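One chain comes next, on its own, written out as C-alpha cells in the form predicted on its own.
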C-alpha cells in the first residue's frame, strides 16, 4: 500500500475517513516529491489539479503583496494537506507554497479526491471542516492584525513557533525563519522586527545566537502576547 495506510497525513487529515479500498487507490495514484528548502511546491495563480500531502518538513503559505513583499499567511507541518480549497472552488492557487525546511510531499490528482468526495460522506465532511477551520484561523489573524500591537504579535508568533515546531538540540527554535519572513508573518517592516527582537533580547525574553532565536522566558512572552 506504499505505507499510505500508516502515513501521518492519513492519520491527521480528512484522509483518515478513507476505507481500505480507497487507500489502495490513493497509494496507486500518488506521486512523491522531495522539495528542497526555498523551492516552491506551487506558486500563486497556478492551477494545482490536486492536493499535496505534507509528509515531512516545514512549508510556508504566502502571498505577494502590492509592494512585492512576501507575506506569510501560514506555516505548514507534516500531517497537513495543501491545495484543497482551490481544488474544490476550481480556482487557481490563491497562495504560494514553499519549503522553509526540506520537505517530502505526495501529490494526489484531483480526479481521485473528487471521487472520494462524491462517494465517501465522512471524507467530504472532514474536508469541509478543514476548510472551515482555515477560514476561522484567517478571521482570527485578521482581527489580531487590527487589534494587537506589533510587539504582541511578535511575542505570539515566537510562542507559536516554539509550541508547534519545537526546539533544536541547542534550544533554538527548530524553524529558522529569516528576519524578513518573521516580519512578514507579523505584518511589519523588517527593520521594526529586527529592532523588536533586539528589545526582547535586552529584556532577556529571548537570546539571539547569530540568526538563531532561543526562547528564554515563556511566561513573560505569554504575558506580553495577551
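None of the values given here were measured: they were computed from a predicted structure. Positions refer to the first chain, counted from 1.
Unshown form predicted together with the DNA; subsequent notes refer to it.
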Task: Candidate spot 57, 62 and 93, all three touching the DNA in the model of the complex (heavy atom, 4.5 Å) - done: no
Task: Option from 118 to 126, 79 to 87, 101 to 109, 146 to 154 whose residues, in the model of the complex, bring a heavy atom within 4.5 Å of the DNA - done: 146 to 154
Task: is_contact(residue 214, the DNA) in the model of the complex, heavy atom dist at most 4.5 Å - done: no
Open item on the list: Within 4.5 Å, heavy atoms only: does residue 180 come near the DNA in the model of the complex?
Closed with: yes
Open item on the list: Whether residue 69 contacts the DNA in the model of the complex should be assessed with a 4.5 Å heavy atom distance threshold; does it?
Closed with: yes
Open item on the list: Even though the partner isn't displayed, in the model of the complex is residue 40 close enough to the DNA, meaning a heavy atom within 4.5 Å?
Closed with: no
Task: The single option of 29, 192, 172, 49 touching the DNA in the model of the complex, heavy atom within 4.5 Å - done: 192
Task: Contacts with the DNA in the model of the complex, stretch 196 to 213 (heavy atom within 4.5 Å) - done: 198, 208, 210, 211
